Structure formats: structure tokens, C-alpha cells
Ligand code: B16
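Taking the form predicted on its own, here's one chain by itself in C-alpha cells.
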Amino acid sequence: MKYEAVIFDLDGVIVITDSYHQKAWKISALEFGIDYKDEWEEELKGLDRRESMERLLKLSEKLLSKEEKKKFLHRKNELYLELIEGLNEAVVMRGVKETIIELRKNGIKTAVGSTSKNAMRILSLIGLTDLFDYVSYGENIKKGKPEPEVFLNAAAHLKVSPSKCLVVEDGEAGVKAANRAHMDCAYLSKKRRSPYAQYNIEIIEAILPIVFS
């Protein structure tokens, strides 16, 4: 088979939590005098919390002190954790569980590659922790996407060469991170195409013929 491991982004690929992030950013931004605009959502996709905040401040042309930024980040995460506490398997994207089971049944290693520091909590809430050989996330990496560390960390722990890893992403920052890690990437979206991804797919099941080719 062409690939020995598949590394999945979390938000937007495994679970649908974008609305929770957006709501947490919107509320916390308003508290800090920022009028959050819905069209900024795509700009923040795939970035870690601090980079998302910096992008948000740049888009809004808002200046905050170092201490205010610290409070802003804490407030956003506090709100997000409150919002996701009721998560369950209903937020898992269609076909994800079945696809991962099929991969593992055929000897393909699986991992999560997410910049979120809440990745383990989310996986626990939705009951998918046992489906992954390793979780590379915000707590065990130093540099977020588009830097490649999150994916290289996963490959190292899986003991699989980057060239034998397929990344599944829904954000351009993640696609760029996969490219920098010298891994092929399947970009998952029904609305957009990525010119930087090796594959553009609309449903998660589409990675099966790619992996097993």
C-alpha cells in the first residue's frame, strides 16, 4: 500500500466543533471590544489558540497589551471548554468511525494531528480515543500549523516515514504543514479545493481507495 499511516486533523475532519470555537471567539472578542465577523472564521482555521488571537487582532486592527492578550486567551478557552462539555458522538462527522476502523483492520496506523490543547478532552467526550495509535496535539508540540511539527511528531511516535504518511486536513494552514513535513495531504471540503493538497475529497471515505491503491 502507498501509505502506512493516516494522520487526521481534529476540528472539521473528525468532529464538527467549528461553531463552538466561533462562538467562544465571538463572545470573548466582544468582551475585549472587538466586533467579530463571521467571514474571519476561515482565516483562523487550523491555527493554534495564540496564533488565532494574533490573526484576529490583526484583522480587527485592535491593539491589546501583553496582559490583555493573556486574559483574552484564557477567556476564550474558558468559554470553549464550557461549550464542549456536552459533546458526544453526535458531533463525529459522518463516516469517520467506520473509515478509521477499516484502516486499522488493514494494518494502517492512525493518529490525530491537532494544534488544539483540548484534543484529548474532545476525543474522550466523543469516545474515539481508542481508535488512534497516537495523538499529537497542542500539549506535546511547541509550534503550531503551518509549521510541520504536529505531523512530524505523530510520524515519529508511529515509527513511520513521513513519505508513508497521509494527512487529512480541512484548513490551508494544515495543508501547508503537511507539505512542509513532506507528507501527502487529502483536503476535505465540499465547498473548496486546495491547490496545495495532493488530493481533494468531499467525504472522509474517499481516503480508503487512496490509501489502498
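Start at 1 with the first residue shown and count on from there. Please read these numbers as outputs of a predicted model, since none were measured by experiment.
This protein has a second form, the form predicted in complex with the named molecule, left out of what is shown; the following refers to that one.
Comment: 38 to 46 is the region of 56 to 64, 38 to 46, 179 to 187, 159 to 167 lying near the named molecule in the predicted complex, near meaning a non-hydrogen atom within 4.5 Å.
By the criterion of a heavy atom within 4.5 Å, Ser116 is counted among the residues contacting the named molecule in the predicted complex. At the 4.5 Å threshold, heavy atoms of Tyr80 reach the named molecule in the predicted complex. When contacts are judged by a 4.5 Å heavy atom cut-off, Ser52 counts as touching the named molecule in the predicted complex. At the 4.5 Å threshold, heavy atoms of Ile204 stay clear of the named molecule in the predicted complex, well away from it. Using a 4.5 Å heavy atom cutoff, Leu10, His21 and Lys145 all lie near the named molecule in the predicted complex. Heavy atoms closer than or equal to 4.5 Å to the named molecule in the predicted complex belong, across 177 to 213, to no residue whatsoever.
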